[in-house]
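Given as structure tokens, the chain that follows is alone and in the form predicted on its own.
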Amino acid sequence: MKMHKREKKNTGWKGMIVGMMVLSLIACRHKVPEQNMAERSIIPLPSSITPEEGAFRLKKRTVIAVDEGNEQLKAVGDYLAGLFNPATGYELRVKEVKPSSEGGDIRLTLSNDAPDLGKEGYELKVSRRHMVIRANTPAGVFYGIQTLRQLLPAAIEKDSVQPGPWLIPAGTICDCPVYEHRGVMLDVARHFFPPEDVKRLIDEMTAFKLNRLHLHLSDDQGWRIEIKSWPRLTEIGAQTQVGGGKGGYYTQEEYKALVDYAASRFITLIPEIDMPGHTNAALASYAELNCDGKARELYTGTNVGFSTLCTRKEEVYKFIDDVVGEISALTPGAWFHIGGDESHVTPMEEYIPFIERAQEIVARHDKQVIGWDEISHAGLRPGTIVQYWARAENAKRAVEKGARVIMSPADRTYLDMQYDSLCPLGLHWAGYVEVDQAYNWDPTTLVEGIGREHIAGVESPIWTETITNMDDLNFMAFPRLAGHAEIGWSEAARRDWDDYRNRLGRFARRFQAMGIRFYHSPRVDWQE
């Protein structure tokens, strides 16, 4: 009997111990893991990060509050909800509140008293209970959201429900970009990319705070935009591409939809019609654009420099005026790119007056000219921007003539250059460009005589001689494009290769969650 009581007593103690263990496990399960904002891998690197203790937990009932009466800010709030809902499985609610209100769990608000933030900067404050993104413009709030998504686990990028928890470390980030022009150029002429691919690229650009998409719409191999007054440009000139594929083009409605989609992500679309060279597709479409009045054969190779508009014909300038006019009417951005590169068979005494007249035509349609660095041989109108890609002396000449410069040096920024001799895609006429070479340069010290005040920004061209689909495009663009984005956004004094390499290595999970097929450079320790 005593033994029975003792056993019963011991059993009671055992039950208490088991109960305590269960409670302990439950407590551990709900304990917030230690979070540190400064240890998150954020690209581009913000101007300042001040971590604090604790974390904000994104929950099913989290409310996003935006200033009432601002449609653009409301759209940014809807974008944020749409960004987070797929992976969380939540249906985050967006509500409008008075600008002076502190309501909402996540507050998106505009301020007019933060001159240091400029047009695109933001302040992101996170506490255990609330989060606020404050900026002078909706664009600044939007860029704050791109940083916010990188403070969350990489699984937030997935398009299916993930387990969470969704914790954002507490602290404050103040941030603004160095350069106003942070761009990507996509060549859709050598290989055509349909609208859904361009939209995917826009979304990928968005994550890294890039804000200019330069579309190379015409070249020897294809004409890619409908011009209603010159219909054979697409009836004939859009038929093919490098290697003899079927080609393609954007209707004006499709092009306008791309312009609007980019604008919804605060990206300005810049159209390029290359001239007077790189024009064989146009020359094959209309015989009158040639000096001999004979249409050229369509071209599917990759050689350059053999074609030119007949710069002595008045009909050519009517053609340019019509093309620039129709495209400009569809493009609200301030710029029109006229190319001007590698026109080797155009005599310089004809090339110079042609470029000067092309600038006048663009100005009549209320746009400012951008052109490749060769256009600096001509007189440059006020506001013209020269894109440095090949010859430093051309870029310096442009600065001497009062123009600003977009920095796109081929041996640093051309995303079609091979990583190394084993790279299955790309070319290497400008050399091999590994991830560290793409990152380790400063636009203000690259060319003597071109300083910060002369530079509009940085742009990464993707030429498509060997690139035919989005997986291949992503392989060549990433991770180099992420490094270029940091050069365009972050102060050079704060950038460091070893620090960036570590952040980039931890970014592997995010690239994968975003569906980006990226190059696994051996110079980065990838954490997958």
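Numbering starts at 1 and runs along the sequence shown. Keep in mind the model is a prediction, meaning the values are calculated, not measured.
As for the form predicted together with a small molecule, it is not shown, yet the points below apply to it.
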4.5 Å heavy atom contact with the small molecule in the predicted complex for all of V304, W372 and W389
yes
Give me the residue from E123, D341, E226, E434 that has a heavy atom within 4.5 Å of the small molecule in the predicted complex.
D341
Among R212, K209, H278, R412, which has at least one heavy atom within 4.5 Å of the small molecule in the predicted complex?
H278
Okay, which stretch from 423-431, 87-95, 149-157, 313-321 lines the small molecule in the predicted complex, with non-hydrogen atoms inside 4.5 Å?
423-431
Contact test in the predicted complex: R190 vs the small molecule, heavy atoms, 4.5 Å
yes
Give a yes/no on whether E465 approaches the small molecule to within 4.5 Å in the predicted complex, heavy atoms considered.
yes
Does D175 reach the small molecule in the predicted complex, with heavy atoms at most 4.5 Å apart?
no
The small molecule contact at M417 in the predicted complex, heavy atom, 4.5 Å
yes
